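Given as structure tokens, the chain that follows is alone and in the form predicted on its own.
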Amino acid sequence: MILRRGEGQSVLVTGSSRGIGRAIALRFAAEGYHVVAMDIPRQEAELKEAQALIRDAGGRCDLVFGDVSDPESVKTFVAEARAIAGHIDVLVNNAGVLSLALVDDIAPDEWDRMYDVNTKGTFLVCKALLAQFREAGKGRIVNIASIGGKRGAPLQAHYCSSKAAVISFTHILAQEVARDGITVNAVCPGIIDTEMGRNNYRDAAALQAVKDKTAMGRLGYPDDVVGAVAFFASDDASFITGQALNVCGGIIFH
């Protein structure tokens, strides 16, 4: 049974057109939150599909579009989200990108793209909402990082290091804003069956290897991640901040 602990509250979820982001948006809607789902304009069709799923189930969902890596775009879509919902109580920084390459082969522009979306994007959206959270005397920020940010993987130096930066940013921001009534936590998914996650298992042998190194012996799915995100957003986590929780089925244990 899903608790209706979001009644009267609003959540902004970035990168919510598919995968983990869509699952998060659906979970928050089911808990009674007014969901403001955000993604880049080229994901409009998929974002509208997510909106339809929420509305068909009786939930509230509105859409904003933009680019988390662009400061002016962030200011615009955050202002739109606040105007639509009246206030934002929870921010979920889910927008992210991943590509694979050896360090020798990573183009500087691709390195920058990982950091611009994964790291700077998280920073910019947090920064855009801090004043409103401080004024309200409360706020919940949940950053979607990765176990790759704790233990890197070959071909992913740019991605894993950008997610390590998200974890470190989470630790620092949590300390800076705790006395303002704001909590900041990170969720670190393992290998999840999404379009992005499938980069980790492009053939049957790689898929089996993933299962073999996971204590639970299976892949994760987007719905496996959403409970941790919803928990950090809730009053149940009111005395928890600066944490980075692994949701990986038992790949790493620290």
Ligand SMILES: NC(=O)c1ccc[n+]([C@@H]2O[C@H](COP(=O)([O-])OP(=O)(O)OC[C@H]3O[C@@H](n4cnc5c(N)ncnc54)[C@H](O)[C@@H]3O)[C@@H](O)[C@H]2O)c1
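Since the structure is predicted, the reported quantities are computational estimates derived from the model, not experimental observations. We number the residues from 1 along the sequence you see.
Quick note: we don't show the form predicted in complex with the ligand, though the next part is all about it.
You can rule out all but one of 101-109, 143-151, 169-177, 127-135: in the predicted complex, only 143-151 has residues with a heavy atom within 4.5 Å of the ligand.
Using a 4.5 angstroms limit between non-hydrogen atoms, residue 117 touches the ligand in the predicted complex. When contacts are judged by a 4.5 Å heavy atom cut-off, residue 192 counts as touching the ligand in the predicted complex. Although the partner is absent here, residue 214 lies well away from the ligand in the predicted complex, with no heavy atom inside 4.5 Å. Looking at residue 59, you'd find every heavy atom of it more than 4.5 angstroms from the ligand in the predicted complex. Annotation for 24-48: interface residues with the ligand in the predicted complex are 38, 39, 40, 43 [heavy atom within 4.5 Å].
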